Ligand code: NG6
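A single chain comes next, written as structure tokens; it is the form predicted on its own.
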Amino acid sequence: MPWLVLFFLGTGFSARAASAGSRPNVVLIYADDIGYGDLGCYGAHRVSTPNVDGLAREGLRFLDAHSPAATCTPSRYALLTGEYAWRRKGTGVLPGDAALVMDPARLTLPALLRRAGYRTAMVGKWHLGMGPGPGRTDWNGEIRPGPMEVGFDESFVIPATGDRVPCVYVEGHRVLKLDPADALRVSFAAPLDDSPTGRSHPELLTMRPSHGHDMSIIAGISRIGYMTGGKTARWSDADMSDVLVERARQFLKRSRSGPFFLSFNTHDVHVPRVPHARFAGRSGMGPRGDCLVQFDDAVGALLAELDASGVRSNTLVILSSDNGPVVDDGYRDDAVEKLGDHRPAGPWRGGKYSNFEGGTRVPFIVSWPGRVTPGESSALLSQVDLLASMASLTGQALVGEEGPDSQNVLPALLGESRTGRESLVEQAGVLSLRRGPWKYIEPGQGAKYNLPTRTELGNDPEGQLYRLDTDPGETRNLRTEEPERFRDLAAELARIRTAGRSRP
């Protein structure tokens, strides 16, 4: 069909990727709180990550790829919708009883792939809200809307994070293994009864909080928020990785005839860090390092399943993280004391929560055996681009208001172009604009440091300008030396903010 050939050429989709039978399975491995320098293939030497490193050797390792934000929920929202989260109210880091933050009527990444014939599944950390919201979500009945209302055919998730209640798995629309006689109740507003908390009874804890995280005690760990009941449904922190891996493997086994899309969202490195006994002590860096080893093992298990199912050669695997790293994020777990010379953010300044580059510059690896030539790429790209790029991969096009900030960077993802985006917006306490080697950080009135996490936030009331190719540590503010460039980038960011979209 001549029109089909013209369509693929017009969208930048290479002839070899568009050939008959090349529609690949897609596996997204989305890590939590893993920084640019946390993996061996990105320079880590104190922790061993052989499975991720092997994926990088056989694939393409990106050096200038970004999560859309320096925190979790907004990055996940932007990845799935193709819209910067700062455009929408209510997309900050959510409590565990928040309502779904996405409109089920809008196009999402799983919905896009499902309309192309893919079987879609979500396994792991969700943290985008479930149900109608605080005081209205019935955790003992059907919980909707959620992942299955935004494009996933199957869903097995932890609703928010390990340090937030409810500490249960939700399969489809229901809490797994819930006893109807032991009603599950959740609140982030006030205690539900007189049960001991981490604040009132620290002697009951097996892991002490360093700041906050002192409400309901679940399995010896005090969390954020209050939860009663649901005792048979509560997860084991140490077993969480194995449970999620097994669910993902089951989906891969059932879906081997393809095509399928699996979003495998790990939790390992996020607090509370409770590695399984077979990983405890493996890294010599405390639970955070041990959980990096555990994450690597999970990656290896999924890749082995793809091999065993005979689909690895026709599977596009993408591995990345939702934001930069954080060391002390609420619990006394020896992460700071045993860090040594390990640099979780690599050469970049800051980390999770920060306006500096370490907040959003994250690992990003793409592998598709026989299609993606191994190597590394300096192309500038963002996870917000996955929607438009997967549309191109599957012969579709975004129309109207679909994915307003998502750009088609498929040629860069496949290693067929060294060019990605011309510019991108990074979200932390304020917004930043990247264009080439230049980074503009808009004026910010907040604190210089997030004291609990010891993270530099990168706020400056007059704004900042850095040239990253000569100053990767963002140590020399060129605002006064390059006033015209400073003004131009500030004006460009203002245009993007007010336009409501940045996709051409």
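In this text, residue numbers run from 1 along the sequence as written. All values reported here derive from a predicted model rather than from experimental measurement.
This protein has a second form, the form predicted together with this ligand, left out of what is shown; the following refers to that one.
With the partner omitted from this view, the residue of Asp97, Asp268, Glu83, Asp163 that lies near this ligand in the model of the complex is Asp163 [heavy atom within 4.5 Å]. When this ligand is considered in the model of the complex, only one residue from Val93, Leu176, Leu339, Ala280 comes within 4.5 Å through any heavy atom, namely Val93. Heavy atoms within 4.5 Å of this ligand in the model of the complex map, among the stretches 359 to 367, 204 to 212, 402 to 410, 241 to 249, onto 204 to 212 alone.
This ligand in the model of the complex comes within 4.5 Å of a heavy atom belonging to Tyr353. Proximity of Asp38 to this ligand in the model of the complex falls outside the 4.5 Å heavy atom cutoff. Taking non-hydrogen atoms only, Glu426 never approaches this ligand to within 4.5 angstroms in the model of the complex.
In the model of the complex, this ligand lies within 4.5 Å of some heavy atom of Asp32. Although this ligand is omitted here, in the model of the complex all of Thr71, Ile224 and Asn323 have a heavy atom within 4.5 Å of it.
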